[in-house]
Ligand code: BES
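We begin with a single chain expressed as structure tokens, specifically the form predicted on its own.
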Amino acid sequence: MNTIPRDFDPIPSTRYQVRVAVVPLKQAADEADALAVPVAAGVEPPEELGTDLAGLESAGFTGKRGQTLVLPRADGPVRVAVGIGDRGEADATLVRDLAAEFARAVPWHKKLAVEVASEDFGVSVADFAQAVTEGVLLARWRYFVGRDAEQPTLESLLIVASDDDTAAAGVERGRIVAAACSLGRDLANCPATTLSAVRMAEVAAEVGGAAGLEVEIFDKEQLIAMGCGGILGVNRGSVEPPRMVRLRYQPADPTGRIALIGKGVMYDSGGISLKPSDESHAQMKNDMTGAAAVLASMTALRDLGCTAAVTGYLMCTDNMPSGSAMKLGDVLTMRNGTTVEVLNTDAEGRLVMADALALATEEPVDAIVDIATLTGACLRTFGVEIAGVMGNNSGVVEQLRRAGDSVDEPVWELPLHRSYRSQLDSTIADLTNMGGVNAGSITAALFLEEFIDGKPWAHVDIAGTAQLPAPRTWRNKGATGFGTKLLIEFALRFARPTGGAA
């Protein structure tokens, strides 16, 4: 029985509908509160800015990348000069960032407009429009459940472009991606008391069904029957039952088959290996960011025309200390029959994911990708802006790297150094769930590799990128929902890897 009170909607920002449209300049000037005008370094600005290059420079604005200058007007919307740097030396990442800077420069304005200036950027009209849409919508996203929570921070975004059809196609793609990212962020920021494993499964059924996904939910009794000892062991200490959610996206004549596994530890206390009572402990509601990214990314696949079939697994449970909690020295039997000696109950993510990895190998699959807030070692290695990636197939890893670079959710490869596998040896079981004090990200990946049956596979560790201490361009403060854009791009451009496991 679910005892968690539903204090509020776990996905509030996804309920708001922001109007996004391509319009002529005059209409934007009539309807918007603020209009962004891109300005290249050393180039006279467009007339609608209402000033010339000398006037901008006298105010300290030179057109340098990321500069913004708000210019109030007695008539029409506020104009915001946005510096793009040297002409033609930009890409969609810069456009997205600058759109976000504009949105943050006018925080009280709810009707925004942006001029397309793709000739100055060297970016196509469609890509420009998509990047602007993502940048503005994601910069204005918020998760808030206090007073005035029902008030949206943005009502409309108008894109000014001469090529209406091309720009509109980019706007629609940007809207779909931003909506998926907003869902991922909402889930990662929702307090664990509200978003239990049971409630996560209910949300998955709601939004997954609306996105054309087949949704299957497995309860505790079914997980017992399936022999999923990893997730069941972690769940022992919680009063809340676990859930596994399997999502399926099945296009006609799929060009490939992908399995995505997301860690869904709804709150991670560390279990008996209790975490310290500090800020990082308070952030542990985001330990389900991997599952949030898998769910959110899959809601976008149909509307973006993904041609690969995708199966997603959300492995959802709390990790809590109690009289019934998993103990150090316990031995768990996983879905594939592997026995695991538990040496640290705070190394629980790999246990819940191992069951799903084993399940994924039981069906035809061209690549398996798991994503998880797995190790503090990855945070210490890469900080908060880069995720770690490891795998047994260079083709899968490279596709993830290219996807991350394209959408500005970067990943960096660490070596899957198999001589470290001996650190996981147990005297009483097949392996332990914890390696030595060093190379923690690598030994965690080596643990996961035990469950993929030689299938092409990559592991993405987002422990660092799941949380930001301050906003940066289109990224929010707090739980970031990192991975949604990465997985969308990976699935859209997926090609069957050549060769087998390395």
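All of these numbers come straight from a predicted model, not from anything done at the bench. Residue indices: 1-based, along the sequence shown.
Omitted here: the form predicted in complex with the ligand. The next part is about that form.
K.L.:
Can you work out whether the ligand is within 4.5 angstroms of a heavy atom in all three of K275, N344 and E348 in the predicted bound form?
P.N.:
Verified in the predicted bound form; spot residues all in contact, yes.
K.L.:
Which one of these stretches, 374 to 382, 310 to 318, 153 to 161, 133 to 141, sits within 4.5 Å of the ligand in the predicted bound form when only heavy atoms are counted?
P.N.:
It is the stretch 374 to 382.
K.L.:
Can you pick the one in L35, I452, A463, V39 that has a heavy atom within 4.5 Å of the ligand in the predicted bound form?
P.N.:
Contact with the ligand in the predicted bound form is made by A463 alone.
K.L.:
From the list A211, A126, M284, A325, which entry has a heavy atom within 4.5 Å of the ligand in the predicted bound form?
P.N.:
None of the others qualify; the residue that does is M284.
K.L.:
Taking any heavy atom pair closer than or equal to 4.5 Å as contact, tell me whether M434 reaches the ligand in the predicted bound form.
P.N.:
Because a heavy atom of M434 falls inside 4.5 Å of the ligand in the predicted bound form, the answer is yes.
K.L.:
Is there a non-hydrogen atom of D268 within 4.5 angstroms of a non-hydrogen atom of the ligand in the predicted bound form?
P.N.:
Judged by the heavy-atom cut-off of 4.5 Å, D268 is in contact with the ligand in the predicted bound form.
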